[in-house]
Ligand code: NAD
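In structure tokens, one chain follows: the form predicted alone.
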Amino acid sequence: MTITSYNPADPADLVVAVEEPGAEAVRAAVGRARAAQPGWLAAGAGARSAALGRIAEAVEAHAEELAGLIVREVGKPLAEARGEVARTAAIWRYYAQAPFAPSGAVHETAAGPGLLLTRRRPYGVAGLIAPWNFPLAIPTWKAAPALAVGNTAVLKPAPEATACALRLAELAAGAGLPEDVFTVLPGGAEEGVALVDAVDVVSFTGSTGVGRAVVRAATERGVPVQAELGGLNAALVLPDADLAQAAAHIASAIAGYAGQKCTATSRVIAVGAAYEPLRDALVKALELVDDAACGPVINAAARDRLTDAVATATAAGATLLTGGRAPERDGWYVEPALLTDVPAEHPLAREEFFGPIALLHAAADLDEAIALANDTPHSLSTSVHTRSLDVALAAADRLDAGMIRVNAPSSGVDFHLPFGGAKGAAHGEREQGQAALDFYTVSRTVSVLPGGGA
């Protein structure tokens, strides 16, 4: 079978077509990566650091080309695509310093002479399964820490991001990364299953259903696994907030990149007197969003799922305040939508739809707002908008989300800090920062006692 990737803004534009390699090719690639791993580790911290630094330089040298490819393949607005390329280079450069970080600690013995120490060592081959929405940044924040600590890596990108992943692999090879240290294998479900069945540590980002299957398969094999899944993220707005600023932040988190971020806002909770002015400001802000900020959704199926969800919600009694239509034009576009009074049992109220749609709720006070925000099976990022430090700290203590952002959009990631969700939004260790280096290594305890010789 052939993997095809089309331009979401121009569905007649075929970006890339490649043959699916099949499960046997995946196993062979993992075998080559396993054979290359001891040499990659033995090359030392200096060699690994230099290689990752050269990849950062290569990404920067091809920044405009890469941004254009992101726009063409996944429909990301150009400003965001440029930002992703810059972040990608920064992540490679950040982890280029990691090989020199301490890999353990020395401890005192309980009695007598000797040396006790702990060391963190790589697992071997890391299997990476990445989504399409951040086609360079997410593969990078998985691969760079895995490589920095001495693993080799095999990446299976989402089919919709095949061209971006292959170009990243070309740049890594051109920067002098040894053969079979970082391999990109396009593919679908068959290749993903084969990868999880063959590697020594697994990192997955994608849908909740597939992620749970990955976690089960890896766990049955006894290999470490992390999975970042869906998010149903809330924005809490208090009456004392700067409502104009809050509306602008929330509109960008709903509609930016057509809501195709796991940190996008899909629920807005207005407290007390904030409700009506926030509603009006948010409707106005969403109606001003244009293609330069929003862009198309990834394909026709995504567009139809979003417009159908709006239609069934309004049929069930919800009020559509703005948007929700698919305009008559080329490309898979959906107008940013805001709804109220969506029934609690409707899928929009319980599931991540990965599009520019949000629900507006009213809460009498902070307690009710926090209860509403926490009433979800998966929460990755929650924003809180208030001028009160006391309220911000109280909310941060009581919200279930993996990330809490005060007076900022829910969408946003600091690549040097731990990243992950709460409840069903994540499984296993966090990604990014020091947490990623810990995930891709295992701790070993070494005891060195006197040999008793002269």
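From 1 onward, residues are counted along the sequence shown. Since we're looking at a predicted model, the values are computed, not measured.
The same protein has a further form, the form predicted together with nicotinamide-adenine-dinucleotide, not shown here; the description that follows concerns it.
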Assert contact_stretch over 234-242, 112-120, 182-190, 325-333 against nicotinamide-adenine-dinucleotide in the model of the complex, heavy atom within 4.5 Å, equals 182-190
Report the residue, out of 253, 229, 358, 125, that has at least one non-hydrogen atom within 4.5 angstroms of nicotinamide-adenine-dinucleotide in the model of the complex. 229
Residue within 4.5 Å of nicotinamide-adenine-dinucleotide in the model of the complex by heavy atom, from 384, 146, 297, 129, is 129
Answer with yes or no whether residue 214 is in contact with nicotinamide-adenine-dinucleotide in the model of the complex, where contact means some heavy atom within 4.5 Å. yes
Contact label in the model of the complex: residue 204 to nicotinamide-adenine-dinucleotide, heavy atom within 4.5 Å: yes
Would you classify residue 338 as touching nicotinamide-adenine-dinucleotide in the model of the complex, given a 4.5 Å non-hydrogen atom cut-off? no
Verify the contact flag for residue 133: yes if a non-hydrogen atom of it lies within 4.5 Å of a non-hydrogen atom of nicotinamide-adenine-dinucleotide in the model of the complex, no if not. yes
Sequence-ordered list of residues in 155-169 near nicotinamide-adenine-dinucleotide in the model of the complex, where near means a heavy atom within 4.5 Å: 156, 157, 158, 159
